[in-house]
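A lone chain, given as structure tokens: the form predicted alone.
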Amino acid sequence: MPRILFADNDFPDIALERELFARHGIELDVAQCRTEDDVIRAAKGARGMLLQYAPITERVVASLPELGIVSRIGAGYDTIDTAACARHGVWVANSPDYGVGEVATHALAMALASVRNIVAWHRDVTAGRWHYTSAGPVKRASDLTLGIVGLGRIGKRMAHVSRNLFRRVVACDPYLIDGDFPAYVERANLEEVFAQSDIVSLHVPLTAETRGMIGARLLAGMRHGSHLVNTSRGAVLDVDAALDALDRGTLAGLALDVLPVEPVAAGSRLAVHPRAILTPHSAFYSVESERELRRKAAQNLVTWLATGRPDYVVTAGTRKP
């Protein structure tokens, strides 16, 4: 009976995974690995690994010669050294398309909440202030330009659900040809997106290229009173630079679902800023999307054991079931 390690998870229960693996005659071990040593110790003898945040590094894969595949519960895979996995022949898989609608609608909700001052008004009302101007001026959404950085699955859905709300939608994605841009999206480079947009929404993966990509220089080029939304990866944005832009008034609102370090520190500058809206890395979430996410990540392992190739390949390996 092949053995799979569930290296870490933060779900209330894992009945879904247990049932799927049991149905296919796969033994499941469960751990809560936080370090390389945790992973190496728990994964000895495992053919595959299912994980959320556990680190998969050069040392980990070099120490586990029987490991054939790692499957990440999520679209991103920045905790996995994919180059090391490729060198050792370990397959890397993920769940890239499980919550496209949820993330796009969450990003739009955060953008509208920021533009419409929803949170500030709520705070004023509960503090006893009742006047439509209490939270400051509000611009008409249909006069505004939405800028999107990253026009993949989620960025395209964001453009689609937003196109009738804003005057223009502009986007930057250097990896797409012109024909892959929807007709209602204007192509621009990164600097142009920030210079032309009233709201910028980030939808890029975390890579060496995108880490810290949105910093003081780009933010300084934004229109006064703009808004920034991030539902992609926390480390894409220099949060301190964004807070400085808030204090200067370059940004009127900052809406973040993801942070470089999670959770947010209580009492931190970000946590108490009156123009910041925060959600707990929840943009992906609905009851349905969570089930789809987990099922697809686990099914990668089932499919690899049956065929030698997972359903969603990030990095092709050479190790066999």
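Fair warning: this is a prediction, and the values are worked out from it, not measured in the lab. One-based numbering along the sequence shown.
Quick note: we don't show the form predicted together with a small molecule, though the next part is all about it.
Checked against the small molecule in the predicted complex, the candidates R153, H88, R187, R116 yield a single residue with a heavy atom inside 4.5 Å, and that residue is R153. Shown without its partner, this chain lists P174, P182, G212, P137 as candidates; in the predicted complex, only P174 has a non-hydrogen atom within 4.5 angstroms of the small molecule. The small molecule in the predicted complex is approached by T231, whose closest heavy atom lies within 4.5 angstroms of it. At a distance threshold of 4.5 angstroms between non-hydrogen atoms, F166 is out of contact with the small molecule in the predicted complex. Residue contact with the small molecule in the predicted complex: V149 places a heavy atom within 4.5 Å of it.
Proximity of V103 to the small molecule in the predicted complex: non-hydrogen atoms within 4.5 Å are present. With the partner omitted here, the stretch from 139-147, 119-127, 191-199, 75-83 that lies within 4.5 Å of the small molecule by heavy atoms in the predicted complex is 75-83.
For the three marked residues, F6, A93 and W304, no heavy atom of any sits within 4.5 Å of the small molecule in the predicted complex.
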